[in-house]
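Heads up, the chain below is alone and in the form predicted alone; it's given as structure tokens.
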């Protein structure tokens, strides 16, 4: 599976003076679930577009540094080569609907047709992705008759059917209710467990804390920190970067409850209960 390596990535959009990304370097192991957080204009979407080659191939601007998927430099790959390695799901599903297909089933088949896959394999992939996102019952519906949340799950299913080694999701649950958000996170987590690398931009800190292996904090185009959810959300100056820690972390901070082995605050309900039990705190959550 694919390993990602970013070396001194810099980018400035056309007709602007400030860099949107400022000398960013990091690496991601195959199969990791990476959460990306930060306030608006932190550089999150710009980074995602750089990882999939939209920057610099579509948005020209000023580009420096290198992005590698395995040993291949993304900026030098063709669109067809990138699509076999990396898939991206945008915040607005309308940006991904072709508009040329009459049913959800046909919409998900579109990319597979372009890949020239045999029909039996196409059917197997489409059925798998529809069931994984719990939208099989909508397979015969027109894509534009779906709700925003249903359409977003269709967009994710379209990427999953392509079976890339890396899936990038830019705020994919912004239009979903809590149940829909949970379904998407669980589906994406199962893909990570199968070895697919997941990179997700999200504002729902509780979900990022629960599902991410590591969390990347961006601010004003800078990579501030890249570490476990526990270490990121225990940062004393986190709010300075426009990010609030998960609810359970804030509660534990106010009570002075830390994990004794890591010296970090709990980030999930389970961690908070475990920490309180070990410390003998008679507090119910």
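Not measured: the values here are computed from a predicted model. Positions refer to the first chain, counted from 1.
As for the form predicted together with a small molecule, it is not shown, yet the points below apply to it.
> Can you pick the stretch from 41-49, 227-235, 244-252, 24-32 whose heavy atoms fall within 4.5 Å of the small molecule in the predicted complex?
Result for this chain: 41-49.
> Among 203, 139, 186, 163, which has any heavy atom within 4.5 Å of the small molecule in the predicted complex?
After the contact test, the surviving option is 203.
> Only one of 84, 91, 147, 131 gets a heavy atom within 4.5 Å of the small molecule in the predicted complex. Which one?
It is 91.
> Taking 4.5 angstroms as the cut-off for heavy atoms, does residue 171 touch the small molecule in the predicted complex?
Residue 171 belongs to the contact set for the small molecule.
> With the cut-off set at 4.5 Å between non-hydrogen atoms, does residue 276 touch the small molecule in the predicted complex?
Flag for residue 276 set to no.
> With heavy atoms only and a cut-off of 4.5 Å, decide whether residue 68 touches the small molecule in the predicted complex.
The answer is no: residue 68 has no heavy atom within 4.5 Å of the small molecule.
> Indicate whether the small molecule has at least one heavy atom within 4.5 Å of a heavy atom of residue 264 in the predicted complex.
Residue 264 lies outside the contact set for the small molecule.
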